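Form predicted on its own, single chain, as structure tokens, below.
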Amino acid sequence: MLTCRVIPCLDTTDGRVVKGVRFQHLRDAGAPVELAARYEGEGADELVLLDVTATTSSRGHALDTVRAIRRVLAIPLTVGGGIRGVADAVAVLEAGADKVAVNTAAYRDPALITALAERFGAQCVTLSIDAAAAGDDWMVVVRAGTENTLRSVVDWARTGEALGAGEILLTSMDRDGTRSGYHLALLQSVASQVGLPVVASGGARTPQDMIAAIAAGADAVLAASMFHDGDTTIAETKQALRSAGVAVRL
């Protein structure tokens, strides 16, 4: 049986970890290197590092932050934000990333997904999808949630899989930072329609939220606030998951 991955997320800007609600009202949440080391020590399976202002500022990822984190981190590191082409991906990987996450640039030019998969392998390419509720459906939002599209999230997820993505990082913009639980209907809709691993993101408050997400089809669970603010530790979270019958690496 494959184990479920527990993944802390570091949203960064200007060399600091930040956290907001529905992608807005960012507050300082700590130093990225210190948090990365702490989370690995607590048993994190992977770490996701997202430069949340790179795209809106029309710049590349802050590579110094990637290098600094890699110096203290042995677990897999996924890096996103500001990756607009293969050259940007090369720079991020050379700085220490194991996987790259693409979002807005891939939506603008879907061929980027294929180009990255052909160059580095599908296992290196995470398609990050930010979803906003629209009636009974969910639509893709890009540019850090500032631009709505008319593209169905499920349709875009299927397209990303066909183009060569190896994983989907699925974030509910409506639940982001609210601690109201993952959007289970969104997870079910996407996970049931693709064959790729789906990482649940947006809204986690307790390990029970993660258990529910896994039951809804998630292969991995990502969280930020509940770990940054000390509500629980990754070790405690994994013990709760294991007690509920979820296979995790301890």
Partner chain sequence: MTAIPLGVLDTGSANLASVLAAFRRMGVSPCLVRDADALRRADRLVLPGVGAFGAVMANLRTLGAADALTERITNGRPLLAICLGFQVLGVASAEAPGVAGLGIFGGVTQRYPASVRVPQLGWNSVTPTRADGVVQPGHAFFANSYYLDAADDAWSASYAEHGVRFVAAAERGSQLACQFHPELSGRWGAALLQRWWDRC
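Positions refer to the first chain, counted from 1. Just so we're clear, the structure is a prediction, and the values are computed from it rather than from any experiment.
Beyond what is shown, the protein has a form predicted together with the partner chain; the following relates to that form.
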Close approach of G166 to the partner chain in the model of the complex, 4.5 Å, heavy atom: yes
4.5 Å heavy atom contact, Q123 to the partner chain in the model of the complex: yes
Partner contact for P197 in the model of the complex: the partner chain, 4.5 angstroms, heavy atom: yes
In the model of the complex, R71 touching the partner chain (heavy atom, 4.5 Å): yes
The single option of I75, V154, A105, V86 touching the partner chain in the model of the complex, heavy atom within 4.5 Å: I75
Interface residue in the model of the complex among A101, V141, L112, A97, criterion: non-hydrogen atom within 4.5 angstroms of the partner chain: A97
One stretch from 127-135, 87-95, 144-152, 173-181 that, in the model of the complex, holds residues within 4.5 Å of the partner chain by heavy atom: 87-95
